[in-house]
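Only one chain is given next, in structure tokens, and it is the form predicted on its own.
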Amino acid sequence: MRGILMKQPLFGKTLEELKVVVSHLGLPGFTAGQIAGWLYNKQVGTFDEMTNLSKKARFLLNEQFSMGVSQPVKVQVSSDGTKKYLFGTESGKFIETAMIPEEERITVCVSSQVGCKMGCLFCMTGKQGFQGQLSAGEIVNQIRSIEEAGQISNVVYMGMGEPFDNLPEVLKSLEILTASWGYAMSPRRITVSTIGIIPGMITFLEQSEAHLAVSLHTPFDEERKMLMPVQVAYPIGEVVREIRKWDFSHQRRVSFEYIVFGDLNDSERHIRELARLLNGLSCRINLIRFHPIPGTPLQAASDESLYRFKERLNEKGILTTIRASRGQDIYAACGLLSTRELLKKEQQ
């Protein structure tokens, strides 16, 4: 028996890609802009709702394409208002999306991969291993298909996966989010986080105006190799040297994410080395509480140590803040909920 040919999803295509589609279908060129408007501005669920398209156009789209949008399979709500959305993938795996409400904004944390190959010691997603890339449509669908769609003020690529290990699709998703024919978000409302893959970081800085966040966690090479194997290929010193070539003195920002572990990376020695490493760079450090995960020897730092570390870094002239912990009662830390669902599925 011949397999069923899967229709190609239309959601997640850029305007240029939509122009290729309408050309292939023999439709007028302006149809591409109309389709983009329906997909990203009006966010319709079917091709038949695209009422300013000809009947022929709608027939051809139905015949050859799928919409390519999906709803979350599970939603968990924290006592602090944070939500964790779980989306299924075609491979039967799961990705996570976090919605974080604050007084004047709603931030959505999106995933860029299914699992992750980077193997960071402190990351539950890394323990899943790499299970696949997300398409631009699957990335943007996390913004389109949650209950808060239309209210979102900020987007952070800090969910499952390493964005610069899926650079082409991440850049396409950023284009859809920021283009006038797409969601028309300001790139200053978007932050992309990386563990420091330099070639991808350079391309991102060249092609996008979104903010950059770099996972640092320790300024010392040997410690960082233990925490993050990527340090072997892309040492943090080289990452920071590359960042210094770019202008972050105005609206575009660079920040460094720093998980504070007990008795590991919060000493006076670390403070001095961070001050040396980041000296003169316009940036901030975001300190993050560590919430222990299964299978790692790392421990959380005390609140006293965390606040002392913050004050000493500020005294050294490095703007340093502590990120509030959110959604701990719903497995909001990246990778926990999807791992739990995978284990449940395997046991069924």
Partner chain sequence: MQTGFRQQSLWPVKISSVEEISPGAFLLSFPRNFSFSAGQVLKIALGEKEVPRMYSICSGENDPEITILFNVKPEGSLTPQLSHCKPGDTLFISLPLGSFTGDDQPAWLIATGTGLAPFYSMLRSGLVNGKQLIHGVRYLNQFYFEYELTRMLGQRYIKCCSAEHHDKVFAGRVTDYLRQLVELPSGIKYYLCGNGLMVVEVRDLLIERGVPFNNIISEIYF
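Being a predicted model, the structure only gives us computed values, none of them experimental. Residue numbers count along the first chain shown, from 1.
The discussion below concerns the form predicted together with the partner chain, not included here.
In plain terms, the part of the chain that comes close to the partner chain in the model of the complex, with a heavy atom within 4.5 Å, is 112-120 out of 112-120, 87-95, 269-277, 211-219.
Contact check for residue 149: every heavy atom lies farther than 4.5 Å from the partner chain in the model of the complex. Among heavy atoms of residue 126, some come within 4.5 Å of the partner chain in the model of the complex. At least one heavy atom of residue 199 is located within 4.5 Å of the partner chain in the model of the complex. In the model of the complex, the partner chain sits within 4.5 Å of a heavy atom of residue 225. Not one of 33, 102 and 105 places a heavy atom within 4.5 Å of the partner chain in the model of the complex. Residue-level contacts in the model of the complex: of 242, 169, 257, 175, one residue has a heavy atom within 4.5 Å of the partner chain, and it is 242. With the partner omitted here, the residue from 182, 229, 72, 132 that has a non-hydrogen atom within 4.5 angstroms of the partner chain in the model of the complex is 229. Within 4.5 angstroms of the partner chain in the model of the complex, the stretch 297-324 places a non-hydrogen atom from each of 297, 298, taken in sequence order.
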